[in-house]
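Just the one chain here, laid out as structure tokens, in the form predicted alone.
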Amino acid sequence: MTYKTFTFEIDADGIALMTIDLPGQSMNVWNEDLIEDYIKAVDEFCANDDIKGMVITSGKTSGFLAGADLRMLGNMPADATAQQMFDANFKLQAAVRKMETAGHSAKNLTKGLAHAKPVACALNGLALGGGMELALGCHYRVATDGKFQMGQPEVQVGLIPGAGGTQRTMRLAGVQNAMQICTQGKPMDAKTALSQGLIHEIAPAADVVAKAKEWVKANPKSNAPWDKKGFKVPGGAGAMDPRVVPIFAGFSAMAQVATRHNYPAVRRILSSIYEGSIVPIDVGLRIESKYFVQCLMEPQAKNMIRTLFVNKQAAEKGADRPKSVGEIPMKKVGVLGAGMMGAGIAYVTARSGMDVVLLDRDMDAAEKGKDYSRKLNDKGISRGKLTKEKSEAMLAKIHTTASYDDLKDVDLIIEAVFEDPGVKKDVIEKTEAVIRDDVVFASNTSTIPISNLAKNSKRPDQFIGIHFFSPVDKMPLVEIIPGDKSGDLPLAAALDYVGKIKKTPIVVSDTRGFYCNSVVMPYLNEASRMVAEGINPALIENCALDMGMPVGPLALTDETSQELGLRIMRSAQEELGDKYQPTGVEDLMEKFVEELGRKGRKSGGGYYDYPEGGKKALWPELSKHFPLAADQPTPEEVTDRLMFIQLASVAKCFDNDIVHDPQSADLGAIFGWGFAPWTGGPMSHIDTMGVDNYVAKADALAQKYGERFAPPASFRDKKGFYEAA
């Protein structure tokens, strides 16, 4: 029999070698074709007496198998019933179990009336999600000593493992390890997997298939541990074991604290493990599939898959790149300014393999910028994530200078100097005097319109904005901002560069604050308004965290700094004049910066104190300057204000074409300022609650708190922004 997604070869000893190699894909994933082929191959494996055992491996250099094709899960029919979805999912679940038992019943296996055919897995690289589940369905697992990762990341897109991951992980590694692996979604290396009993052997990549075959030949009767008489879950006999009861109780509480009850998948993973630990595995697999389907039938998983996987991949693959421009060679990048942003840009550029010319006013300043990369590399070396040799090779790519002449052979310029139009004008003119005519000039400005800066350029059609977020080495989003004269070349160059440094780009319009800052500033201002109104700062922060934000808005204000906020506010007042719309926090910001001297975290404190070597805490003197109101709002009222001010700002950006599509709006929100990932992004969240419901709620908030909450008029006629649009 021939297969589309793998080869299936039987050697003279009767050992079948299944080599998975999906055509046209860089990584193996479970898609419709692979599932169909796999089910047929398992049937052949069980029915053919000439096949004595099997080894499963990958034909890809990228690894073994990276889980399910999430596009397949996201394309489930909207009118599919729970039973139909269960049956569709259980096909793979049943096939893995059939391979594991060679088609015999668990009862006969346990009684010794039958035995399974040995199946080994040669794991030549990462095995994630459904890849790990296939591996655990094999009786023996050999992993490469090279780049290897094993894990269950489904929770990161609102799902639970759906092909036996909770059940086999728990039966191999124990209850507590299974809960951590499945709820946290973090991959583990080969040594960790070995220590937890999830793999049996580590071998050189060239030997994993041979080692797996050796084991198959030596073990003709190889039932899974749970198909042997007397099997018990490691560390306890299951949920009713007194040793295990406290683990379930404590871990469940800690998991909900960590997730703020925003992720039903976490609760369902714990339920699947709990219930599965007290029943036979065949019942446990059905329990897991039940909870998997529950996740699939809710909007959260669909929203998260769409934004965090499908749309993210599309953006990173250049969905917005002009097709009229060919590939742009990009070997050397000039970075102007070696401050915090420039240093971070130099680091991610050199890390990606490109050479960097890091320029500042003098060599001391430039070298200080390079020190940022040295410190990050030293940290990587100390944690065993980077070798000294690789660090030195990467640092050698960063050439520090104070001379513009050293920019003469760069392929791209990224300007990250002080946020002052005069300073930027000076460096633009000096740089364009030496660079080639075909080199694109990009500015990392966060406040000055790109079209204004491009007026200083001799070639505004090759000028563009590439806006990073701080810290550059950690933040995944980059905003690409074409000016009013930018052509296709700078857009293509910017997207090519962002692709090389492995960031997620969105293309937005050229306006003050661009997209992300146009939403973040009203959000931070709303929190500051509440402080000025006498609302308890701890209530504000905790409501934001419960909503799913990574940090509270007051803490984020400290990070971005009150001083910067005041500067941006005054710059807007100066530029807009009579058209300036007061934010309601002008007096508060002036008081923080000019009267109290609390300019933000970097200057020693803002809303919080930051003791050296200690934990940050809300400034105890805050209530003296902003007395608490006698009547405090409910948490629901505070949460509504924090959530809907963001939704209102996003809606206005979308309505004004600052962000061009709902996909970019959602990506920018989650990866730019940490908007609650469980929603799939603000536009997805509006869709999920229903546009009519959003408008009604926004109108009510606008009536109570002000026009800043009002929805755009265009939203009143909308039914949705994705499938229902």
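Residue indices: 1-based, along the sequence shown. Remember, it's a predicted structure, so these values are computed and weren't measured experimentally.
Unshown form predicted together with a small molecule; subsequent notes refer to it.
Q.
Between S195, S470, S105, Q83, only one gets a heavy atom within 4.5 angstroms of the small molecule in the predicted complex; which residue is that?
A. Residue within 4.5 Å of the partner: S470.
Q | Answer option from D355, D189, E419, D145, heavy atom within 4.5 Å of the small molecule in the predicted complex | A | By the 4.5 Å heavy-atom cutoff, the listed residue in contact is E419.
Q.
So if I measure heavy atom distances to the small molecule in the predicted complex, which of the stretches 177 to 185, 204 to 212, 445 to 453, 638 to 646 falls within 4.5 Å?
A. In short, 445 to 453.
Q.
Under a 4.5 Å heavy atom criterion, is R361 part of the interface with the small molecule in the predicted complex?
A. Answer yes; at least one heavy atom of R361 falls within 4.5 Å of the small molecule in the predicted complex.
Q: With heavy atoms only and a cut-off of 4.5 Å, decide whether A255 touches the small molecule in the predicted complex.
A: Judged by the heavy-atom cut-off of 4.5 Å, A255 is well away from the small molecule in the predicted complex.
Q) So in the predicted complex, does M340 come within 4.5 Å of the small molecule, heavy atom to heavy atom? A) Result yes; M340 sits at the interface with the small molecule in the predicted complex.
Q: Mark F309 yes when one of its heavy atoms lies within 4.5 Å of a heavy atom of the small molecule in the predicted complex, and no otherwise.
A: No, F309 sits far enough from the small molecule in the predicted complex that none of its heavy atoms falls within 4.5 Å.
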